[in-house]
Every structure is written in C-alpha cells, then in structure tokens.
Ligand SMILES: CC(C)=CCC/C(C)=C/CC/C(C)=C/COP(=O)(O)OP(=O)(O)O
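There is one chain below, alone, in structure tokens, taken in the form predicted alone.
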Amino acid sequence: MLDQQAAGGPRTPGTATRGETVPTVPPAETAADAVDVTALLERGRTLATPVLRAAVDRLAPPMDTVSAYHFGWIDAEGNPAAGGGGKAVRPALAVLSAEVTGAAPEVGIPGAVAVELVHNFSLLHDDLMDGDEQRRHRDTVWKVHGPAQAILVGDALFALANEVLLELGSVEAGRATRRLTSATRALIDGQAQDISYEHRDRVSVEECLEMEGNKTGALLACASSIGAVLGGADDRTADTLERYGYHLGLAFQAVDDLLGIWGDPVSTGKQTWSDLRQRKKSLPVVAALAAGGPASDQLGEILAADAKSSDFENFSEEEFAARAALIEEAGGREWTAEEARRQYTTAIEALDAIDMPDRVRARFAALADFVVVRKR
C-alpha cells in the first residue's frame, strides 16, 4: 500500500518573503470548475445515509440513540433533528472512486459507510480526549451523555465498520477491509502522536506532517480508494488513489490547522483560538517555532512558560490573540497556507497516473478544490 510520506518533503518555514500572499485557492482554469461540488457531496450523503442509519440501528440501547444524536439525526431530548452530520467528503470520495473502475457509484456505498463509521468513531474519542464541548454547533456526545457512552459508542462504530464490509462476503470486501483496518491503525497512531506532542516544548515540522498524515491523511486515502477496490480495481490503481487521498488529507489538515487558530467560530462551531487553548502543536505553530527570528524566539519562550502554567485555562482572549499574532509574524500562517497548496498539487498530480473517465477525474479535482478553500 501507499508509502505514507509527504512527497518531496516539507519546505523550510520562513523562506517566503515577509508580507507575500500565499493563496490556498487552487487554479480556477480547470475542468473541475464545471462540477457542482454541493451536488457531489449530497450524492455521497444521500447514498450512504440509509445504509449508515440501518447499521446504527443494530446497536443496543442506548448506544443507538447516542449514535443518532452524534450524527445529528435527533436532538439531546430524542426529537428528530435536521441532520448536519459533517461535510460528507469521505462518502463522496468512496462512491466516486467506484466509478474509476466503470462500476456504478452504488458499488462504493458499503465502503462509504464503513469509512464514515470509522471517522465518527475517531471524532467521539477525540472530542473526549481533547475536552471539546462543541461539534457542529452543538454539545458533543460526552458532554450530553457522559464519557462512558462516548467511548462505548465509538468502539461500537468501529466494529460496525468492519461488519458492513465483511458481510458482503466477496474477495473485494476482504481487500477493502484490510485497507480500512490499516488506515484505522494509522489514524490511532496519529491521535496518540497528537496527544504526546501537546506535552512537548518543541515538535519538528517533519513530525507534525507525519502525525497529520496518520491522523487525517490515512482515512482520506482509504476513502479515495475503497470504492474502487470494491469495484475490482487492482492494487496499483488503489494505491495511486490512496496517494491522491493521502496528500488531499494533508491539505485538508493544513487548512483545518489554520481554521483552528484563525477560523470564525460562527463557521467552525468551535471556540476562538481553539487549537491554542488545547496547546496543540499544529502546523502553524511548529512552522513558526522552526522559522527562527525574534517573533519565533518570543513565541517559543511564551509557549514553554504556558506548558508550566497552572492558570492556562483562565487566559484572556487577548492573551491567545497575542500568541496567534506571534505565530503569524513568525511566518507560521503563511507557510501553512503554502503547504496546503503544495499538498493539493501533489494530490492532483497523482490522478494523472490513472486511466479514468474525464468526468470522474474532474470530480476528484473538484473535491480537492473544495477541501482547500473551505471556511469550516
């Protein structure tokens, strides 16, 4: 399977000219412009949701209702809700990848559901480990139903993911399951790295990219190939689709890191300066610390003192804003935006190695465009 390393290695932070604008928006003159991304995302959601809900209905009470709350199907009192279960990028990729082989998008549905179950397993556990009280503009599961339910439901969703694939009973389902379990293990490795980095004064850019490749890139890589595997694609095709998804995942996470510091809470559904509040060693932070110079040195001293502070949770908005300003002054924001663009380009280039219908290629490119220009 894919060698999960960022192609070409990271660029040295701080080498861009100060004040230079480094856009994350990809070139507009592409066939992807003609693709309705909203419709593409909705197609994945519409195809996957009935099977996803049927899988969740298998869970014993109260895990079935807790899961339904997490997915946005009911509110905290058990009343039907409008939904709002995330961007649905992974299901869209899974059903799209089936079309690479000439199969109908429906062939990718079990893969879409399995990937979505694993993704939400990770969200349930991540929210608890990170102490996040809000997701998608409402209270997280552990906040409403308690930590024990968040752990149990997350475990149950992971088990369901494997069931959904293996009950197909085909050789292709076995191959897809192996890829999914490998991606899940990498995802867990990435979360463990992320937590351990919170307690370190310094993390290198290379370590951060490795962590984010595991935590985000691995599952997006799987989503980008699993439908093709179910459609009978050979390993070379599946590996190449994984390469697209892996680098798309790194672009996705780079944008997420920018939003985690400078995102609008109204759009993101999280607190202001959310990643700074959690002491996360995200790409803007580690790039700023690696850049050198007065702002970088001052930031390093402040973050080292923060790690020893017993009053960190009571810091004011102004104190977090000051840290964000130093990250930006040291070049961390600009470097991360450029890295998102570089990873996007690498993902798009991977598609050139696969023979697929032009309309399918354009849809993969459009989903990549969406990932790097999103605001939430």
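All figures in this text were calculated on a predicted structure; none of them were measured in a lab. Quick note: we count residues from 1 along the sequence shown, nothing fancier.
Same protein, other form: the form predicted in complex with the named molecule, not shown, and the subject of what follows.
- The site on the displayed chain is open: the named molecule, placed by C-alpha superposition from its pose in the model of the complex, has no atom within 2.4 Å of a backbone or C-beta atom.
- Here is the short version: of Leu123, Ile109, Ala291, Val141, the single residue with a heavy atom within 4.5 Å of the named molecule in the model of the complex is Leu123.
- If you check the named molecule in the model of the complex, you find a heavy atom from every one of Gln191, Phe252 and Arg374 within 4.5 Å.
- Stretch-level contact check against the named molecule in the model of the complex with heavy atoms at 4.5 Å: of 115 to 123, 229 to 237, 295 to 303, 169 to 177, the positive one is 115 to 123.
- Proximity of Ala159 to the named molecule in the model of the complex: non-hydrogen atoms within 4.5 Å are absent; the residue sits far from the partner.
- For the chain shown alone, Lys87 is a contact residue for the named molecule in the model of the complex, at least one non-hydrogen atom being within 4.5 angstroms.
- The named molecule is not drawn, but in the model of the complex it has a heavy atom within 4.5 Å of Thr216.
- Taking the partner from the other structure, the named molecule in the model of the complex has no heavy atom within 4.5 Å of any heavy atom of Arg277.
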